[in-house]
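In the form predicted on its own, a lone chain appears below as structure tokens.
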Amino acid sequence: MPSNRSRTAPHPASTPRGGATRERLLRAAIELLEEGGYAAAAVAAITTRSDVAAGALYRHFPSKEELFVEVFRTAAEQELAALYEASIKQGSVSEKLDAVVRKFTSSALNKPRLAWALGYEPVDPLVDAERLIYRQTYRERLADLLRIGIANGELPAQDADLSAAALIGAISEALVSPLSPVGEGVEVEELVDSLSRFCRQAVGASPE
């Protein structure tokens, strides 16, 4: 991704982000999501894991839904930062695209339960709205990368926004079964290779 800018406006509840108790609650919630999804991340389980009283949780977050909005925001910001780092380590746009796709898919497949919870599991409308914001951010960053390739002649002329949306949709659909708690296991390296190859071909990027 060519830009590491944050999304337009931070949620008021997310600032300031300091405080050891707040961070323990977020860390406990993320750990529980990784272990068993939203069903495992009940308020009682979060407070027990973080060794924080329920009353303290509600002093930091007005509701469980607000807590999960912040959990999703924290995880998504970390993922965006990781994708940015992956993209700037490579040379050509084709290499940058390859690095971004590989980082995104391998990260999801290495933590499938967390990726399923963050990307696919039915959630409260507040969390779903946050999910849509970050999905749009992923698309915008990828479209920026494609525009660079189009401008310098590495990629053929195309609608960068449409191509970026199509790539994200294809990746998301391809990961549904591998990430699902009831899905079949896959060979991670083979799937990552296949998705990377598909994405390069789809936008007219040079092969490996």
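We call the rigid core whatever largest set of C-alpha positions still superposes within 1.5 Å between the two forms. None of the values given here were measured: they were computed from a predicted structure. Residues carry their position along the shown sequence, with the first being 1.
The following text describes the form predicted together with a further copy of the same chain, which does not appear among the structures shown.
- Across the options 29 to 37, 44 to 52, 161 to 169, 66 to 74, residues that bring heavy atoms within 4.5 Å of a further copy of the same chain in the predicted complex belong to 161 to 169.
- Contact annotation for the candidate site: Leu191, Phe198 and Val203 all lie close to a further copy of the same chain in the predicted complex (heavy atom within 4.5 Å).
- Proximity of Pro125 to a further copy of the same chain in the predicted complex falls outside the 4.5 Å heavy atom cutoff.
- Within this chain, Trp116 lines the site of a further copy of the same chain in the predicted complex, having a heavy atom no more than 4.5 Å away.
- Interface membership of Arg139, defined by any non-hydrogen atom within 4.5 Å of a further copy of the same chain in the predicted complex, is confirmed.
- Contact annotation for Glu95: none of its heavy atoms lies within 4.5 Å of a further copy of the same chain in the predicted complex.
- Along 113 to 135, a non-hydrogen atom within 4.5 Å of a further copy of the same chain in the predicted complex is carried by Trp116, Tyr120, Glu121, Pro122, Arg135, in order along the sequence.
- Relative to the superposed rigid core, Glu95 undergoes a CA displacement smaller than 2 Å between the shown form and the other one.
- Remark: with the core as the superposition reference, the CA shift of Ala151 between the shown form and the other one stays below 2 Å.
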